[in-house]
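Presented below, as structure tokens, is a lone chain in the form predicted on its own.
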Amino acid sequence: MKIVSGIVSFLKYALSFIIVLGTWELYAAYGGLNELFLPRPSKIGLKLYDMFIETGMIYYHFFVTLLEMAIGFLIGVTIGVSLAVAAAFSPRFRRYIAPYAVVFNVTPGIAVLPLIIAWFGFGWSSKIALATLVCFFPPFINTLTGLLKSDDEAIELFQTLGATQSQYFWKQQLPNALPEIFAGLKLAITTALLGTIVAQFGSASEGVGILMQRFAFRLDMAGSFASLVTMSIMGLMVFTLAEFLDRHIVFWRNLDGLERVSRQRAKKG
């Protein structure tokens, strides 16, 4: 039944998507749209075919952007989670670090881009730096929120068993915070991609962002929209990966996850 329900849901979404694209195509074909601003879907599709299949020119730019985003994401998450753990254990450190974290979060990335370019240059470093800057806050605040959740019964149980602070952290506090941590990671992974693209708009010779900019300067709007679709594909890929890890690591949040792990452990037993 689940498979049938999934197929029906997919067909509904696919049908609505086809209707939207068909309406857009027909409206543009009969002169309802200025294609200098919004090209018809068929032209965008042909450009995607050219970029991915015929010439394959998108792949290098795609993986450059993906790698810059991934490095910035890993650095940002490492900084954010590390600061959150330190802040969770030290109220004094938390009072001092929180205002700075908020300032970094509310400062628009585009506003500090000229400074980042001046400090890190025009290469990969500036893209990684901006991705790091814009993505560190969600892991920081979500990890801190999760670690500060209080479970009086669990605390009492661990104290009764004579557990150390380290044992309580690894066995109770951290697992209890994982849902919030993964929520922060899913936000961070999309903001890291956004920061990378913004940095590429500012200064780059490679990447999907600069490719889109080049198409726009040549008034090749189909190419610009094809680049935008490529960015969306990239965003869906990394978010889907984060969702997959969330479901498989924080498996106890839903019944399907619990049943899956129970079956796996039963087979091993």
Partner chain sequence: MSYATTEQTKKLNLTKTLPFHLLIFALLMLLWEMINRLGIADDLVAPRPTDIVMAMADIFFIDQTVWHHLASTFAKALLGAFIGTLIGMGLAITAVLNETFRKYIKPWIILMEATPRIAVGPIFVALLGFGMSSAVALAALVAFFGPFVNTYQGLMDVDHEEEELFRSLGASKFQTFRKLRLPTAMPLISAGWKLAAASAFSGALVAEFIQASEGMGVLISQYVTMLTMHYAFAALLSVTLFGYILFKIMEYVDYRIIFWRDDQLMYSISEKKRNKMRAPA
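Numbering follows the first chain given and starts at 1. Quantities reported herein were computed from a predicted structural model and do not represent experimental measurements.
Below: the form predicted in complex with the partner chain, not depicted.
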Exactly one of Ile197, Ile181, Ala188, Ala129 comes within 4.5 Å of the partner chain in the predicted bound form through a heavy atom, and that residue is Ile197
Only one of 66 to 74, 25 to 33, 49 to 57, 231 to 239 has residues with a heavy atom within 4.5 Å of the partner chain in the predicted bound form, and that stretch is 231 to 239
So in the predicted bound form, does Trp124 come within 4.5 Å of the partner chain, heavy atom to heavy atom?
no
I'd like to check something about Phe244: if you look in the predicted bound form, is any of its heavy atoms closer than or equal to 4.5 Å to a heavy atom of the partner chain? no
### Task
Answer yes if any heavy atom of Val112 is within 4.5 Å of a heavy atom of the partner chain in the predicted bound form; otherwise answer no.
yes
Worksheet item: Is there any non-hydrogen atom of Ala84 lying within 4.5 Å of the partner chain in the predicted bound form?
Response: no
Of the residues spanning 91 to 111, the ones with some heavy atom within 4.5 Å of the partner chain in the predicted bound form are Pro91, Arg94, Arg95, Tyr96, Pro99, Tyr100, Val102, Val103, Val106, Thr107, Pro108, Ile110, Ala111
